[in-house]
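In structure tokens, one chain follows: the form predicted on its own.
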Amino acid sequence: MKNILQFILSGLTTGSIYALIAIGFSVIHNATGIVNIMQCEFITYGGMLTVTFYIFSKFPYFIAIPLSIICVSIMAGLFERVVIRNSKSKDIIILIFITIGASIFFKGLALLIWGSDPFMLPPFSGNQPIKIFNAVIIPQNLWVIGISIITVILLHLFFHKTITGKAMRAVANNKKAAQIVGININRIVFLSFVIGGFLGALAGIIIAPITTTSYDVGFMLGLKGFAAAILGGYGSMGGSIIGGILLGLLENLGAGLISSEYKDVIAFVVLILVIYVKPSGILGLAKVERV
């Protein structure tokens, strides 16, 4: 029981990260219909820019972290404005390949800038373990869970209480109808990429003190976040949260109770099973295609 509680606490931490990444995927998908593979690089650049500002430039955390998030959010917005919006083809598959190509480019650029060595960021508030019943948790895990909860609450309020948030929901529900009533689709798409960049950067920053960050750290985290989005129901914010937490729990329980060698495999086995059994995910709605 002690070990299971420990695995659950670890699962909630990693699950919170997957949930943030999954929401980023879903927000952009709802506005554009594409799978934005660049989300992986938003994670990478969030962590690596924090390393640059905090370790190399000696900025304090309360400056380095917001500055990194702002830079990645601007990067995401510029990517949409310069690359996605100006693409001659608007076919979904073409746009997805564009994000794949951009992801490869920015990963190579990160390798040139920071090299291949991993970097470790210090925890936000010490590393003294906290005992919870018979399990222990480090303060950074609490930071990850707490920041994720606050972010989800703020996003919920934004989408349900603000005019812009409601406009984004309208575009996600019916883009043509939203355009007819005067909603600026380009502005919504741009904002969705900015939010995706914000969420990716935040995830990359808060997980770095627990693991490490490097030029390619976003690839695996991004794929698992995508798997979480599919598991919960692609495009659903609630589904992204459930999928992220569930995937984190399954991954850590599987690694602890079976073998850590299978930790990375579990996410993709779950993804394959969900696609096979219930392609719409836990909270996703099945689509009926008329022919």
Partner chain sequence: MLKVKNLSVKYGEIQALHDINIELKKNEIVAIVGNNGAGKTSLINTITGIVQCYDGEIIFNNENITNLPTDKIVKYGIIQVPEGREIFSELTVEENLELGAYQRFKKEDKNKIFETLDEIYSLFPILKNRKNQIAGTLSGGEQQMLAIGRGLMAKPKIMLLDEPSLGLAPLIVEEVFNVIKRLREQEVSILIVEQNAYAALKNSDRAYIIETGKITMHDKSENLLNNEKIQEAFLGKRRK
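Computed from a predicted model, the values in this text were never measured in an experiment. Numbering follows the first chain given and starts at 1.
Below: the form predicted together with the partner chain, not depicted.
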Discussion item. With the partner left out here, check for me: in the model of the complex, does some heavy atom of A167 sit within 4.5 Å of the partner chain?
Written reply: yes
Item to complete: Answer with yes or no whether S89 is in contact with the partner chain in the model of the complex, where contact means some heavy atom within 4.5 Å.
Response: no
Discussion item. R187 versus the partner chain, in the model of the complex: is there a non-hydrogen atom within 4.5 Å?
Written reply: yes
Worksheet item: Counting only non-hydrogen atoms and a 4.5 angstroms cut-off, does N127 reach the partner chain in the model of the complex?
Response: no
Discussion item. Residues L95, I100 and S103 are flagged as a possible site; in the model of the complex, is every one of them within 4.5 Å of the partner chain by some non-hydrogen atom?
Written reply: no
Practice prompt. Heavy atom within 4.5 Å of the partner chain in the model of the complex: which of M75, I183, I84, I138 fits that? Just give me the one.
Written response: I183
Fill in: I195, I210, A110, A178 - the one with a heavy atom within 4.5 Å of the partner chain in the model of the complex
A178
Worksheet item: Heavy atoms within 4.5 Å of the partner chain in the model of the complex: which of the stretches 118-126, 168-176, 138-146, 210-218 has them?
Response: 168-176
Item to complete: Just give me the residues of 204-221, first to last, that have a heavy atom within 4.5 Å of the partner chain in the model of the complex.
Response: none
